[in-house]
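Below you will find one chain, with nothing else, as C-alpha cells; this is the form predicted on its own, and questions on how it binds or moves follow later.
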Amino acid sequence: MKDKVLKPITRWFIVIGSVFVIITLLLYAIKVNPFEVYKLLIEGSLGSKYRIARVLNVWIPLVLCSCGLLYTFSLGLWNIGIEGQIMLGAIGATAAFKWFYPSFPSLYVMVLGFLFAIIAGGLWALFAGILKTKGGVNEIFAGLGLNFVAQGLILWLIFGPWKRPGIASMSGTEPFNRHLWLSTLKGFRVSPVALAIAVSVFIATVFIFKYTKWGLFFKAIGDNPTAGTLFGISVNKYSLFAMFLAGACAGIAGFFQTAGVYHRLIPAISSNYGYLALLIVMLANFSYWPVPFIAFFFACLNVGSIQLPMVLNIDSSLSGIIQGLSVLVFLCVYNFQKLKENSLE
C-alpha cells in the first residue's frame, strides 16, 4: 500500500525535477538568467487580476479541447483535426448569431449558437472518423487535411459572405451585437458561464470514464481492439462516437472564442489551442486528473511569455519551446522510470 502511494509521487517528483533542470540549462545555454525568466512568467500571468482573467480565458478552451482528446486518445485515435473542429464550432456559433439575431431574443440566439457550435464541431470530427472507419484513411492525415479546409472556409466567409460592410480584412467579421457577448464579472473579464461549462465538461468526462459503460468500452477497445470485437463491442461505432464527443468539446471551445473572447469570427480564432491541448493530454499521460493543472500551467506560460520580449528582449516563442520541451523530457523520463520499475519487479 505504501509503495502504491510513494512510487507515483517519487516518479512525478523526478519527472518535474528533470524538466525544471533541463529548461534551466537551456536558458543558461542561450545566455538568459532562468530565474529572471521564471519571475517574469509568474508576474506576467498571475501578477494582477487582469492577468489572472487572461489566464483563465486561455485555460477554458484548453480544458475543453483536452477533455475531447481524452475520448479519442483512449481509443488510440490521434485526433490532430481538433484545430479544425474549434474553427467549425466558431463558424457554427457565428452562423446562428447572423441568421437568428435580431429576429429572436438574444438569449435564445446564444443557446442556438452554443448548439450549432457543438453540432458543427462534432460533425467535422465525425467526418474524419468516417474517413478512418469506412475509407481506411489514417485519422492524422484526415485531421490535418480538414484543418486546412476549415481554415480556408473561415477565410472565405470573412472575405466573402460575412465580410464587413464595404470592406473585408484579416481583422474578421463585424463585431456581434453586445447582447450576444458572454457576460463577465465586473472588473474581472472572465465569463462565469464559460468557466462553469468548462468545469462541467471536465466533471462529465471524469464521470463517463469512471462510472459508465462508455468509458469502460473506450478503455477496453483502446487496450485491445481485437478482444473488444470478440466481446461484441463495435470498434467502429465507438470510434465514431469518441470522435463526435471530441469534436463537440472543441466546438464548445470555438463558441467560447467567438462569444466570450473575440466577439466576432477572426482567421486565427482557434489560437492553436487544439495543438496545445494535444501536448497537455500527452503530458498528463492520457489521464484526466492532471489535465486542469497542466492546462493552467500552459495558460500561464502562454500569457506570461508576453513579458519576455519587452523586458529581456527574448522572443515570446520561448514559451512554446518550454512547452514542447516539457512534453519531450516528461515522456523520456517517465517511460525510463516505468521501464526501470518493471525490470525490478
Partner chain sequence: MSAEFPVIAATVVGGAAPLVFAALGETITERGGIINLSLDGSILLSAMTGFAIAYKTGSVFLGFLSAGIIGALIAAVVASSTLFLRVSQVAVGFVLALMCRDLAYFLGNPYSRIQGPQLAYTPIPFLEKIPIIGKIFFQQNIMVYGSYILIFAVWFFLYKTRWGLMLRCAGENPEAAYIRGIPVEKLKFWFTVLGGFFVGIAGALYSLSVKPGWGRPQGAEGTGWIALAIVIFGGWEPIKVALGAYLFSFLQAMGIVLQDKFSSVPAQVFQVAPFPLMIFTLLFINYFNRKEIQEKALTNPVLKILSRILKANPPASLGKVFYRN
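For clarity, a rigid core is taken as the largest C-alpha set superposing within 1.5 Å between two forms. Please read these numbers as outputs of a predicted model, since none were measured by experiment. Positions refer to the first chain, counted from 1.
A second form of this protein, the form predicted together with its partner chain, is not displayed here; the remarks below concern that form.
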Just one of Phe207, Trp78, Trp214, Tyr108 has a heavy atom within 4.5 Å of its partner chain in the predicted complex. Which one?
-> Trp78
Phe104, Trp99, Phe188, Phe159 - the one with a heavy atom within 4.5 Å of its partner chain in the predicted complex | Phe159
Do all of Ser171, Val193 and Val311 end up near its partner chain in the predicted complex, with near meaning a heavy atom within 4.5 Å?
-> no
Within 4.5 Å of its partner chain in the predicted complex, counting heavy atoms only, one of 130-138, 235-243, 88-96, 177-185 shows up; tell me which.
-> 130-138
For Phe114, is any heavy atom within 4.5 Å of its partner chain in the predicted complex, or not?
-> no
Quick one: does Asn285 come within 4.5 Å of its partner chain in the predicted complex, counting heavy atoms only?
-> no
Given that the partner is absent here, does Ala259 sit within 4.5 Å of its partner chain in the predicted complex, heavy atoms only?
-> no
Taking heavy atoms and a 4.5 Å cut-off, does Phe202 contact its partner chain in the predicted complex?
-> no
Restricting to 261-283, the residues within 4.5 Å of its partner chain in the predicted complex through any heavy atom are Asn272, Tyr275, Leu278, Leu279, Met282
Could you tell me whether the Cα atom of Val37 shifts by at least 2 Å between this form and the one not shown after core superposition?
-> yes
Flag for Val19, CA shift 2 Å or larger between this form and the one not shown after aligning core = yes
